[in-house]
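Structure 1 and structure 2 below are two forms of the same protein chain, each written out on its own as structure tokens.
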Structure 1
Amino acid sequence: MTQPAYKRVLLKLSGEALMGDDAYGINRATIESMVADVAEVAKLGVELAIVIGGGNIFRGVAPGAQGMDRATADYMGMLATVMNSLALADAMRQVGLTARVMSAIGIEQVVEPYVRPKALQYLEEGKIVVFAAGTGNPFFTTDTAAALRGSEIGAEIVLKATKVDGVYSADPKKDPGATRYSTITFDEAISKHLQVMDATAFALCRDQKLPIKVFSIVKPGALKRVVLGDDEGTLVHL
């Protein structure tokens, strides 16, 4: 078996990635495809934690949230991530993977609370840990939650799954001449104004010397190739 390049990773999934081609919600075929990719990584013996966003669900209620207090809207978004985490964990259960959902906000009847030593224990036992509800605080994105949880669990890298296969010099949809970076430093990404992650998450990863790999989750086999250390996506490093 080919040896993975990393022992422990934090995978950041956007809620929008779960929509597939739908306007909002969870596309069953899409989540099953993602779980199949996760299963391939788990077979390699990699310890895997996941942070997922809630945009796919919140998008459906966004029109009604216009003018809403920002903190209230953010708490709604956190609850959306819990729903996505439950769906993801159940889809993993159906293919024989053991997953634990841990929430940053207390809803013990549904999922267990986030406790760092317990999360570390689950990872060491080979379970997949899904971190729900972001950081548990309004005004912070799930990107920041990924950087925070990745730092807390000692992940070797944050894998940011997107619909684009890396970081480009310009928007590849608008500029046909845009080129993909194979690697780029944190400082270069800042100076070139490349939107890798939101500023808070990006700064935390840089300060903690936690590299980020940006890749396409919709590209077949990309997650496994990233974990094996192949030239897939863009590596952001010091």
Structure 2
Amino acid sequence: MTQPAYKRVLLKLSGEALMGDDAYGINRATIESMVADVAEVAKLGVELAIVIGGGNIFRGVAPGAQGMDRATADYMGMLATVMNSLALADAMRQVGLTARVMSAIGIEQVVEPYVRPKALQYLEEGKIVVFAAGTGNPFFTTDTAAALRGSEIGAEIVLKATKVDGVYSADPKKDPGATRYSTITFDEAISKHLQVMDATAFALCRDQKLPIKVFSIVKPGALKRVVLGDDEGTLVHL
């Protein structure tokens, strides 16, 4: 069997991609397809921790949040990621994967709180850990939560699975002339203000020497190819 390139990874799943072709919310076929990709990688014996975004339900900076106190809107965004995390864990359970959801904000009747040693224990036991509620702090994003939790658990790489197949010279959804990088340094990504991830997430990964792979969650088999170390997406490195 082909060997995975990593023992432990932090997978950041796009919340926005969860909508599929719907206007908002969780598209059933899309979540099932994401879980099928995750199951393939879990089968390779890779220890998997997941952060899922909330853009399919709520963003603190979205038009719907206009006029709201920013911190309140951000807490709503974090709660949206809890809903996505619960849906993801349940979809994983339905295909026989064992997942544990841990929340950065206290809602103990719903999910257990994030406790780092417990998360490490779950990973060592082969369970998939889903980190919900981002960093637990307003004014951040789930990309930064991925960088933070990835650093805390000693992941070898952050895999950002999103709607585009890598980092481009400009947003490829807005600029059809944008070109894709196969690799790019953290400093270049930050100085060129590339919006595929926020600068805080890039800076944290850079400081922790934690590489990032940006790739498409929509492209069939891309996650497995990334985990096997094949040429896929864009590597962001030191």
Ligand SMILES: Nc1ncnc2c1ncn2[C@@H]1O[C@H](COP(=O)(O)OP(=O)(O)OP(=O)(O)O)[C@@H](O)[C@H]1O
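Every value quoted in this text rests on a predicted model; they were computed, and no experiment measured them. Residue numbering: structure 1 sequence, from 1. Just so we're on the same page, rigid core means the largest C-alpha set that superposes within 1.5 Å between forms.
Student: Between structure 1 and structure 2, which should be identified as the form predicted on its own?
Tutor: The form predicted on its own is the one given as structure 1; the other form is structure 2.
Student: So with the core overlaid, does the Cα of Ile26 end up 2 Å or more away between structure 1 and structure 2?
Tutor: No; Ile26 is a residue whose C-alpha shifts by less than 2 Å between structure 1 and structure 2 when the cores are overlaid.
Student: Inspect the rigid-core superposition and answer whether the C-alpha of Leu210 shifts by 2 angstroms or more between structure 1 and structure 2.
Tutor: Superposed on the core, Leu210 moves its C-alpha less than 2 Å between structure 1 and structure 2.
Student: For Thr179, give the CA shift between structure 1 and structure 2 in Å, the superposition being done on the rigid core.
Tutor: Displacement of the alpha carbon, after core fit: 3.1 Å.
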